[in-house]
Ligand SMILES: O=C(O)CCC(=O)C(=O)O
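In the block that follows, a single chain appears as structure tokens, in the form predicted alone.
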């Protein structure tokens, strides 16, 4: 059975994102959520402390950390160290969809991020394009699978997308500023993407997207894994992109001279 219909693939190509409901079982969600909390609490010695980022009010000492899991903003570069997170990144249900969207079975993981967004202290993420950071990877045609661990709602900071903006190319600084101003003022359309726990949104690395602050009393954890074709090329002359661990093969073949 095909992982996606032709209509779903066309929707992704037109809008730059796609929501797939109820993709993960309750057991799969619980395994990732519990491991994320374990790592956030500093109880996973195999994951370096450099993979943990606190919310600004805790990082700057404005508030004392009482519950470390609720003080963490995000975790990143987990699956290269942790077998539970790697099992999620290579979950066939997810990778089948990625393969359909990217049109190849030869896939590598660029990286991963576990977003914690705790009640009341979880901060917003401004409008951005992922490839504006990952600007050393070509083509700029990566796909993120954002899995909801908790229900993600407008109140607790679900993702919002600006449909079709993945077709505008990569923009930075002054290039993107007028469009972000239009999005903030409502002159350009954007849509929220609320997700039930176990559902996944897939988005293109060039689509403009953001998430709001968590104004609720409910957690909003989401685990995002970023995938690219194994035929992608890394421009080593770009020196201001994130320094990533070696890219791990997710499926298919590696290609000599590429990522």
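Positions refer to the first chain, counted from 1. In this text the structure is predicted, and so the values were computed from the model without any measurement.
Separately, the form predicted in complex with the named molecule exists; it is not shown, and the next lines address it.
Can residue 224 be called a contact residue for the named molecule in the predicted complex at 4.5 Å between heavy atoms? Heavy-atom contact with the named molecule at 4.5 Å: present for residue 224.
Answer with yes or no whether residue 115 is in contact with the named molecule in the predicted complex, where contact means some heavy atom within 4.5 Å. Output for residue 115 is yes: heavy atoms within 4.5 Å of the named molecule.
(Q) Although the partner isn't part of this model, could you tell me whether residue 220 comes within 4.5 Å of the named molecule in the predicted complex, counting any heavy atom of the residue? (A) Contact with the named molecule, yes.
Taking heavy atoms only, is residue 125 within 4.5 angstroms of the named molecule in the predicted complex? Heavy-atom contact with the named molecule at 4.5 Å: present for residue 125.
Item to check | Non-hydrogen atom within 4.5 angstroms of the named molecule in the predicted complex for each of 130, 159 and 209 | outcome: The answer is yes; 130, 159 and 209 each reach the named molecule.
* **Location of the named molecule contact in the predicted complex, chosen stretch of 209-217, 62-70, 186-194, 46-54 [non-hydrogen atom, 4.5 Å]** => Of the options, only 209-217 has residues within 4.5 Å of the partner.
Item checked: Neighbours of the named molecule in the predicted complex among 133-154 [non-hydrogen atom within 4.5 angstroms] -> 144, 146, in sequence order.
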